[in-house]
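Presented as structure tokens, the chain that follows is alone, the form predicted alone.
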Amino acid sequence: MAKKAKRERLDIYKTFKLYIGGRFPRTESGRYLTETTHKGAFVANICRASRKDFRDAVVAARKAQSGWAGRTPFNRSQIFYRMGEMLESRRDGFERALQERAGYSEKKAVAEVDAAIDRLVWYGGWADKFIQVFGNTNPVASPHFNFTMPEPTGVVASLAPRSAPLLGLVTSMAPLIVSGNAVVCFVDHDHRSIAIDFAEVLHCSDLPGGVVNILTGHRDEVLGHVSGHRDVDGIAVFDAEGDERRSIGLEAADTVKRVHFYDTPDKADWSDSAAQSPYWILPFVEFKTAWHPM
């Protein structure tokens, strides 16, 4: 009997799309960027987000923000813990991606995944504590109770770090959403596919769609549109210097946006303790004071 011929097949490459409103749409522009490994081998075509994609992400974030802010801090902490659980369950894939795509050593890849998981759990622990720490009961000279409480700013655009493809993204996202903000993260570095891998973790972690939106592309193409968008309440900026900082500040001033420039740790080591603090939550909360008669 003749042997059956071995069936040949083509590898199916993963399609890395955007993450908007809890879904994975392609960019409306049809444009793409080609990602390669640190050795130059093809990884995938990555969506090159447009200004229209950014507008769609802001709409999704606005729809999701009030519901997210309305959840109890304890429930937000549970969802943060679930994010950590899901990342832990997929750690092998992220370690492999960091080594193959970004050129990490095995030790460095393990350390970055460990730090990303721990950071999610750490900020989750602050969800029901930062209000107690930074809120206050104020002494007043009238027969009233006077309370000052932090509340989320609203929709925040985050220009994510250009280093540490996984940990940098987690660091730029976690302190923004733990207080009840919704965020649009714009990722611009050589290993954008890892950000979309992380979007799949978020998608399976009980996080409501639209609370975190992830766009990949060139930051300079959308920078003015991000800074000037009238339905964006704040901008968290990482790895911006000189003219870029000045441009963001000028554009944001026109709509009285809150802008905060986060300092990059020495040698861009996002696992450093300086890149993790409850004070990183504060730039995008508003302190509201309420009076109540005794």
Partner chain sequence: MANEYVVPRVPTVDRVAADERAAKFATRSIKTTAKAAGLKLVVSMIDLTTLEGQDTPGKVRMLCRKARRPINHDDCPTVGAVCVYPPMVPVAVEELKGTDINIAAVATYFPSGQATLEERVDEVRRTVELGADEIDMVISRGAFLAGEYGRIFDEVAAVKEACGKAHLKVILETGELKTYDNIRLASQIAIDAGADFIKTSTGKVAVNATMPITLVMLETIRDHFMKTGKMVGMKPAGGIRTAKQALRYLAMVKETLGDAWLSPDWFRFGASSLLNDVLMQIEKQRTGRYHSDRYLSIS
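Residue numbers count along the first chain shown, from 1. What you are looking at is a predicted structure, and each value in this text was computed from that prediction instead of being measured.
This next part talks about the form predicted together with its partner chain, which is not shown.
Listed stretches are 198 to 206, 169 to 177, 218 to 226, 83 to 91; the contact stretch with its partner chain in the model of the complex is 218 to 226, by a heavy atom cutoff of 4.5 Å. This chain is drawn without its partner chain; in the model of the complex, the residue among 31, 38, 55, 260 with a heavy atom within 4.5 Å of it is 55. For the three residues 51, 251 and 255, a heavy atom within 4.5 Å of its partner chain turns up in the model of the complex in every case.
Not displayed here, its partner chain is approached by residue 231 to within 4.5 Å at the level of heavy atoms in the model of the complex. In the model of the complex, no heavy atom of residue 26 sits within 4.5 Å of its partner chain. Taking the partner from elsewhere, residue 63 is found to have every heavy atom lying beyond 4.5 Å of its partner chain in the model of the complex. Looking at 156 to 171, no residue comes within 4.5 Å of its partner chain in the model of the complex, counting any heavy atom.
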